[in-house]
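Heads up, the chain below is alone and in the form predicted alone; it's given as structure tokens.
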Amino acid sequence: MKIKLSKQLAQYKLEIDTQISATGICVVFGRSGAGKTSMINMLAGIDTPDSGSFSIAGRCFYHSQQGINLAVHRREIGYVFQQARLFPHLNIEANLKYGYSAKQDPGSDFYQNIIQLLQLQNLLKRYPTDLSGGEMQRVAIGRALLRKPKLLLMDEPLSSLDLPRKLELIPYLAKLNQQLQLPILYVTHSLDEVLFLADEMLLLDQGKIVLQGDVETVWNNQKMQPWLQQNQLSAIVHGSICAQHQDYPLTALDLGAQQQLWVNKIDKTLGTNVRIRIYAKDVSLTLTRANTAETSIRNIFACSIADIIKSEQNVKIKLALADNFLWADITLWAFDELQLQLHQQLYAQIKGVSINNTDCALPQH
């Protein structure tokens, strides 16, 4: 997917020049007003850029110099908005089939597959006013998918939902790409949604791409720090499930280089790849390795200092751990007393109890 678009907005110029994978979920992340919705509205054809081009797998949807600007209904792009936007006078089955013609899809089970994927069987005869927010969004997603789009755009589809409804809908979103192999551009300003859903991450600020790449690389980049509150500074660590504790509800993750991280139990098979978020406030540093028989800390790792960022009140330490990075947030007093230096070898201690299910996500690939 090739995107090169430019548009003058009220306070800044939106300029996007990038390529995005034709598979997986790419999360477009940024603060309110960063240009996220403006970007996907141009991709959908709702707004017209000042200049540029946009194509998927060689098919051009917009090209200013060649005079190409396909109408919204010809772009084969699905769009799920913040609000479900269902037709209140139609039942759910009629809402789903709006714009979908079985005659154009003879002998196909696609409709039934979408119904089963989103578990809409019991909702078909009901009306939008009888549904919860999460159910309405599932219907909106189903309606978008039934158009058989080449790309699915999602503009903060969970922002209007409370936490229980968000947690209810996230597994459905995670299954979309896995089962349909459909590229998804997902706009959000929620770090939790990034963690759970993203294969790729694009950080947008004032209409410009600040960072782009796989989630771990972008999240752990120093440029990402302004988007993390002080108590939210964290790293994403990737690993694979290598063991389940025989006596306690704990799971071991292989981080590489013979390093194992114990976390709260994850009910997945051995070999499953996972991402774990580890907060800087839950990482402490020591110059000598403690004996696990003499401390409550279960996770103690040899690592080296990759970066040091000082402020008036504390010091952020970036730590290299096998193929991963960690952040530790310590006081200036501790930093001075330990005499820490760049590239120094030391040990990181992680509170295992601080890692819970809300901090764990299963990557799509």
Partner chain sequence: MLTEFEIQAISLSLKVAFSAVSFSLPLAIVTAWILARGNFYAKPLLDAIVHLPLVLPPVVIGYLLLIGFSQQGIIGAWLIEYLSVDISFSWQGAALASAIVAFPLMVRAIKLSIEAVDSKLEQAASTLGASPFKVFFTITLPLIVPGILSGVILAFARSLGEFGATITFVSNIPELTRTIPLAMYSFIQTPGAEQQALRLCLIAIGIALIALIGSYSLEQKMRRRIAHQH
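Residue numbers count along the first chain shown, from 1. What you see is a predicted model, and the numbers here were worked out from it, not measured in a lab.
Missing here is the form predicted together with its partner chain; even so, the following discussion is about that form.
- Within 4.5 Å of its partner chain in the predicted complex, a heavy atom is found for every one of Q83, L86 and A144.
- Partner contacts here mean any heavy atom within 4.5 Å of its partner chain in the predicted complex, and among 181-189, 280-288, 75-83, 115-123 they occur only in 75-83.
- The partner is absent here, but in the predicted complex a heavy atom of T129, alone among Q258, T129, T269, Q246, sits within 4.5 Å of its partner chain.
- A heavy atom within 4.5 Å of its partner chain in the predicted complex is found for one listed residue only; from P171, G99, P226, P164, this is G99.
- Although the partner is absent here, A57 is not a contact residue: none of its heavy atoms lies within 4.5 angstroms of its partner chain in the predicted complex.
- Contact annotation: I92 falls outside 4.5 Å of its partner chain in the predicted complex, judged by heavy atom distances.
- Although the partner is absent here, I46 sits close enough that one of its heavy atoms falls within 4.5 Å of its partner chain in the predicted complex.
- Not displayed here, its partner chain is approached by M136 to within 4.5 Å at the level of heavy atoms in the predicted complex.
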